[in-house]
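Read the single chain below, which is given as structure tokens and is the form predicted alone.
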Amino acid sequence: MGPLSRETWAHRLAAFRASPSAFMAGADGENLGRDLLSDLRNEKQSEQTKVSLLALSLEYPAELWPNAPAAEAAATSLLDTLVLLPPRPSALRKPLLLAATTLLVTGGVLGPTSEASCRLLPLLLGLASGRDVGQGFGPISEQRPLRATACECLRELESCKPGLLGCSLGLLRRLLGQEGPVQPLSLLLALSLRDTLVAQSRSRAGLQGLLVSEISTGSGPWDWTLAEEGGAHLLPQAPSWPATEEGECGLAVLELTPEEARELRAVVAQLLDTSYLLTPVAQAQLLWLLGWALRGLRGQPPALFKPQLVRLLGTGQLTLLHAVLALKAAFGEALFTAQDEALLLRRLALAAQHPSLPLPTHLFYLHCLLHFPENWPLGPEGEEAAPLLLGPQLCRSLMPSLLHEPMALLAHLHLLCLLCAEEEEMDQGQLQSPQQYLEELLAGMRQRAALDSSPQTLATVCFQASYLVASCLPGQTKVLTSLIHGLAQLYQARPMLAPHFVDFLDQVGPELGEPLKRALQQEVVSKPGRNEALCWHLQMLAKVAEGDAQSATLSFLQDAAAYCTDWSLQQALLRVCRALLQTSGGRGLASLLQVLARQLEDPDGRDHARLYYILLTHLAGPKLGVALGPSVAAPALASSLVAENQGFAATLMVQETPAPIRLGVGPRMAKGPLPVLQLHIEALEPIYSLELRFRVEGKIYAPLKAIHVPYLCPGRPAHPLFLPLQPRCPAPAKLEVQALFSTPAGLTCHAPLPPLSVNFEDLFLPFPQPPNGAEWSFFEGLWDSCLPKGAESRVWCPLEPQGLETLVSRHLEPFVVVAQPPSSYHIAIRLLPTSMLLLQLEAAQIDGVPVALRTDDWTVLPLAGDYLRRLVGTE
């Protein structure tokens, strides 16, 4: 069988990448890996296709070869393909090396018993040292790229088996001094050095001449025993270095002889001297590895890094700056003087206020300032504090502004809060105090959030800033008092932010939460309960209602009850009553619940009010709390009203169940001022107090009123239901239907019903009947009024002559204005809110009926054409 074509492979690779698991489970998945390896060795296959196949093996090795034997065989095949390549230049050598390395790592077969591992390691080491390049393996032009790729592969193997190349440290050190790829060799040597030091410290052995000899043991340039002692994988760039006091696993236990210490310093100095040739990311990784290697070693001063600091303290590369800060956190005053610390801090502060910085870079500088590693921090370890050397001048330039981006504003505000937390005063004669600036800033943010036209993002940032202040300054009474007063004023100006206040109260501690609740409760109950913000006031009261101000709260609720006319407001009112039940109760609450049980229009609301009244009058405080908030761990109650019923949660909640009814659309009704949808309902089980709620996506219809049915029983015919429609544009729609009802068991349930379709013809309304004899002039007046602002069209309906009269009598008779049956009909249809559709059905011809259409709304024409075609199709 010959190789697959380029198009076939492109199709298979696209199908595989779309869903690897689905492709491998299909008929072609079993042979994909085998075909890939076969075509890589086929000389008839193009090199570009082979590169695509190798890219797939690098991306999905575990999917193509999911077990260790398959991965071993595939790696062996790739190595054979590499050796058999002709000596001319080829784009396959580097991806073949990378693919073989990846397969050994992902397949879990890297080890001394793996034949492919024993073939790959000497090949990679020979390529890295430059021995195998140019001697039958490949052309001289590929020497440098192949050496770099071999070093990258060795670094990957060393990362997976820390200490594997410990016996090659001397060789790698010699190669770094020769002409070769500096960056791959430097990173490989630094990683191997770090891993070897860790492994040797765990075995309590010295370096044993590993840094000076090219091959130190009889096992060759790699040592699987040392790799096993390396233990867990060590990340080249870990989030933080291990502590120096690590006991048996730390580097501090590694004792070096003077000769070994001298050689170690020479290796580190060699790596640092050539580090300027590396890219910024590679330099940062090199510094990280060397810092980890030297941090815990006894007798190894970090002064080796000092010459690099002269170059790096002024760097504009963020990766290098981050590495410098990591070295400062690791070595502190042993490497950085007070002048270095002041210079670095000043540089961060000046860079953070540069006007043209991108937002991520701006946030990076602010993060470095917020977590600056000081030489002598005053507070306990891990405590946030402003750097001591951040003087008044730098502080003034870092103050937050309302012009900042939201994330940058919060970062600047965090730094300002740390400054406010300091007890020391900052030259009150020249500078505004941080606390005063903080209060003015928060006032400005609240002022912006209080505007009716302000976006929600401003309100979100305002509450995020308030939470940050509350978290950083929990003991600053003056700041918290000002914050509470300002938030209360914000709610007074914009009650629609009630959901933000509820979330804010859930997050803050009691130092701010309790007084803020009292302030908000007082703010709500002082307002009349009949304005448009009633729903927000009730939502807020459900969160902050407490027994301390129950009389004022009850007065507000009694005033608001008369204006709670829809279901959502009634439920919000009942949630406040429930919150008061859980706090204290009292005679006033009992009177309010009695009134609600009699006056609420919604039966579900009346049932809940009656239940709350029964609980309030029959249960004491502790038992009432358990009844309203039951849990699995709740103790058994002595009251028979509660002990025999563990379903209070179900009783007080609206549960979702499968729909126990069927709902359908009946015949069209073309009468009245509004189009009416006739609904037929059938019950599958007895239900009580049914409420059907309808919703239309978008705003093409006005809100639809709910339909209430007191009782439904299976087998008993139900009266048809009528749903008035008030279109805002004459267009069909889908109605989402929700049913809310009570079951014979006393539970309140809701169920979604299949959506109902409102067709174009369901919106038809007739015009008022014109006086006798004036029908023709009435229609002509309507016909002429459609133009020029409207549109007209003509449609050919394939009807037989006798079919026209039948079609009109069945579907369009209520809208006929002028008729000359059976040959001609003039029809006028009114469409809410202000549109009309006029039809002239002319004399039927042999092969059909011509229909002329006019309308004052051009968007109606395609809907009318579709409607006529449906009518003709049904006849």
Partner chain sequence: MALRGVWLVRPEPGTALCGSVRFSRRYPTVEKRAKIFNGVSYVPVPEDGPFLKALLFELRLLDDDKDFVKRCDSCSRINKTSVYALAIGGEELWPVVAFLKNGMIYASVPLVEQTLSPRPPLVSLSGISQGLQLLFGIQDFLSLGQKSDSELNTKLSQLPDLLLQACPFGTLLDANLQNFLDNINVASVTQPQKLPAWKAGTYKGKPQVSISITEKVKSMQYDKQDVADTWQVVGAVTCKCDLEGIMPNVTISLSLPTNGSPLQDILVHPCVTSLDSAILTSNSIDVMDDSAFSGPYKFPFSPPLESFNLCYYTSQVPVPPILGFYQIKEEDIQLKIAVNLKLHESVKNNFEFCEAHIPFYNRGPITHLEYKVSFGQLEIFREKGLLIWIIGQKFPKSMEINLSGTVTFGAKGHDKQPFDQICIGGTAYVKIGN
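Numbering follows the first chain given and starts at 1. If you're wondering where the values come from, they're calculated on a predicted model, not measured in any experiment.
What comes next is about the form predicted together with the partner chain, which does not appear here.
- Though the partner chain is absent from this view, in the predicted complex it lies within 4.5 Å of a heavy atom of just one residue from 198, 190, 573, 284, which is 284.
- 94 is the sole member of 693, 295, 94, 606 with a non-hydrogen atom lying within 4.5 angstroms of the partner chain in the predicted complex.
- When contacts are judged by a 4.5 Å heavy atom cut-off, residue 153 counts as touching the partner chain in the predicted complex.
- Residue contact check for residue 618: none of its heavy atoms lie within 4.5 Å of the partner chain in the predicted complex.
- At the 4.5 Å threshold, heavy atoms of residue 354 reach the partner chain in the predicted complex.
- Although the partner is absent from this view, residue 779 stays clear of the partner chain in the predicted complex, with no non-hydrogen atom inside 4.5 angstroms.
- For the three residues 482, 656 and 833, a heavy atom within 4.5 Å of the partner chain turns up in the predicted complex in no case.
- Partner proximity in the predicted complex, defined as non-hydrogen atoms within 4.5 angstroms of the partner chain, places exactly one of 740 to 748, 305 to 313, 658 to 666, 767 to 775 at the interface: 305 to 313.
- Using a 4.5 Å cut-off on any heavy atom, the residues of 463 to 483 that reach the partner chain in the predicted complex are, in sequence order, 463, 464, 467, 468.
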